[in-house]
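A lone chain, given as structure tokens: the form predicted on its own.
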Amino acid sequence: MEIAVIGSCMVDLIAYTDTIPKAGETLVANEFAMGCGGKGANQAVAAARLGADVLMMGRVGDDAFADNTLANFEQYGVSTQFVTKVPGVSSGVAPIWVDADSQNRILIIPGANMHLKPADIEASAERLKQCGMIILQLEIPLETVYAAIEFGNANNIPVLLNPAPATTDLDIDYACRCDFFVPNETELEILTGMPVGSEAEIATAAESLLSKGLKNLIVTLGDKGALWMHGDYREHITAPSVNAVDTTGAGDAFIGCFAAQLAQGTGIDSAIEQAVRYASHSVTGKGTQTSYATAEEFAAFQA
């Protein structure tokens, strides 16, 4: 089945530094890299790298970054039928700092991404109806996210919502209309207003969110794996131990792999286990999409 990713396209501007500068401080960083990113684009590429058929819907600007973004999608076999340029607007950009502990800090300037509108969902309805899954994030307007959820529900297409970047403006009723709701720990904290400093606190916060009526809640926990909850069922899937170099885009790697596994007919529990391992592998390389393994590379890692 084809996966439709409706979301953001960004250009990542990554600085690798031992220490993040303080206010008013200038430091010399170790290395710079530029690459294609955005949560939507990352998830689309991760799924495509694993052999899934992927359709991307998004917006880019009319600047120098746009053609590079389109070429990047085509390089990985992602359909760009519904990735279009917005005149007079910049493409989305994400400055990223990665410190000596491989932790990242990210700013996003949405640019053209905010021009993806509910009407665009309806305009692409005939193609979207052929897809077997819709993946969403929150780097596009909320009303467009809601329109896509409504479209999925009306056409019996499973919907996965990754509430990132998290916002308390998200209508939880729409989240409950999704088949899968996949926040990380930080997003869980923002959405619930509850602490997530320990496994027990994470579980309590997740329970409070699940109680609102979510179908499948999957909390990604970085090097601690993932927590899956639905109904009365609870499962903690642990992650393998790896040498982390750059954690940027690991959550997107998880979602792309999870969707690709489901598209191949894998059960939810096994799909989560594979996604945890795929995300773990991604942090062993630098960058976002450049760190995503092909199906063959992932099989070698697992072996």
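Numbering starts at 1 and runs along the sequence shown. Quick caveat: nothing in here was measured; it's all calculated off a predicted structure.
Heads up, the form predicted together with alpha-D-ribofuranose isn't pictured, but that's what we're talking about next.
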- Query: Even though alpha-D-ribofuranose is not shown here, does A147 get within 4.5 Å of it in the model of the complex, heavy atoms only?
  - Reply: no
- request: Verify the contact flag for G37: yes if a non-hydrogen atom of it lies within 4.5 Å of a non-hydrogen atom of alpha-D-ribofuranose in the model of the complex, no if not.
  value: yes
*Contact of V83 with alpha-D-ribofuranose in the model of the complex (heavy atom, 4.5 Å)*: no
Problem set entry | Partner contact for G256 in the model of the complex: alpha-D-ribofuranose, 4.5 angstroms, heavy atom | no
Given 91 to 99, 122 to 130, 171 to 179, 192 to 200, the stretch touching alpha-D-ribofuranose in the model of the complex at heavy atoms within 4.5 Å is 91 to 99
Picking from A166, I157, I108, L210, the single residue whose non-hydrogen atoms come within 4.5 angstroms of alpha-D-ribofuranose in the model of the complex is I108
When alpha-D-ribofuranose is considered in the model of the complex, the residues of 127 to 158 having a heavy atom within 4.5 Å of it are E139
